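Presented below, as structure tokens, is a lone chain in the form predicted alone.
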């Protein structure tokens, strides 16, 4: 996924430490680097690590507790109460281990999070060997780790300091949304992010109700309101961005806001269809996100999200030629890296970039025959086709198994939490 979008037949990459040293034909690199240890994977596709631009990873422990609900009903009557009764430091730690296990086994090497106790999420992410842009949530009512936005901002600043030197972690501030925060809180979030040169993560225009309510309250769309308040004056990752018009898209492009497109979530909650084609045409970087697995999407499989992103755009435009497979893969790699402000580090297999890469078994029945690798990856591949994963130069998955995490221990803890959640929901 370099500038030329090269597909190299019988290709190879050379890793040294955490970086990619060279990319090219296997025969040429073998002659050039004769002393290198070889990792041979015949009948495989080697591609950049996939980048999940929006998730709520500890919600893996709430997977499927409230399906087939409208967003506000889902949040207010199911998710917020369940979180209030269950979310703790340990809940976030174990939920993150489960989510990281699922993501790495399906080819994701970097993810963006928005949740509580982000220092615990960071601890688990480093343990898993994954890369994370982790946003500490700031919201206008009492939650598990902070009773007030002021307390949440103090926690965020402490999180920034604690993880300032960890190469796998980019701390971020994550005001939940315009409709759940005041102007003062949102501006304080932007100020803190800019002070520490960190990104801001926020939900924007996810539903028609949100859009209509905010227009009624502020006289302008959420995008125009946030822009007027200076919230986009710095690196920003905006999730969903469905209910936007041409003026909103132009504003987002002018402010270079990164967009996290979440097709499964948007469809499952019937939130709407994001105007991805217009956003891309305006020069915006649009990545792909899974959202959280507790009703809005029940898995973290980015390969599936690429497939859905392409198909949803086609049916929306009633044109099968739009958003081809190559563009969908770009969204999950090079665009995703740009959304996170990490274009110089990840998103493609190029010399000098960080060594985040994935082997995909191309001999699976669903991947044979293969006339076009882009088509195979986006329209035919499944999470189970991932065999090996490297992050920051370290192999974290081999033969479809995690090398860093104790899978059986994680699954046992998840069963314990399932019993706890069921019991908590039975209480009035």
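Positions refer to the first chain, counted from 1. Because the structure is predicted, anything quoted here is derived from the model rather than measured.
Although it is not shown, the form predicted in complex with a further copy of the same chain is what the next lines describe.
With respect to a further copy of the same chain in the predicted bound form, the three residues 61, 271 and 320 uniformly fall within 4.5 angstroms at the level of their nearest heavy atom. This chain appears without its partner; in the predicted bound form, the one residue of 227, 299, 120, 145 with a heavy atom within 4.5 Å of a further copy of the same chain is 299. Comment: a further copy of the same chain is not present in this chain, but in the predicted bound form one of 84, 283, 140, 324 has a heavy atom within 4.5 Å of it, namely 324. Only one listed stretch (330-338, 185-193, 132-140, 300-308) carries heavy atoms within 4.5 Å of a further copy of the same chain in the predicted bound form, and that stretch is 300-308. Within this chain, residue 216 is remote from the site of a further copy of the same chain in the predicted bound form, having no heavy atom within 4.5 Å.
At a distance threshold of 4.5 angstroms between non-hydrogen atoms, residue 382 is in contact with a further copy of the same chain in the predicted bound form. Not displayed here, a further copy of the same chain is kept clear of residue 21 by more than 4.5 Å at the level of heavy atoms in the predicted bound form. Interface membership of residue 165, defined by any non-hydrogen atom within 4.5 Å of a further copy of the same chain in the predicted bound form, is ruled out. Contacts of stretch 368-383 with a further copy of the same chain in the predicted bound form, defined by any heavy atom lying within 4.5 Å, are made by 368, 369, 370, 371, 375, 379, 380, 382, listed in sequence order.
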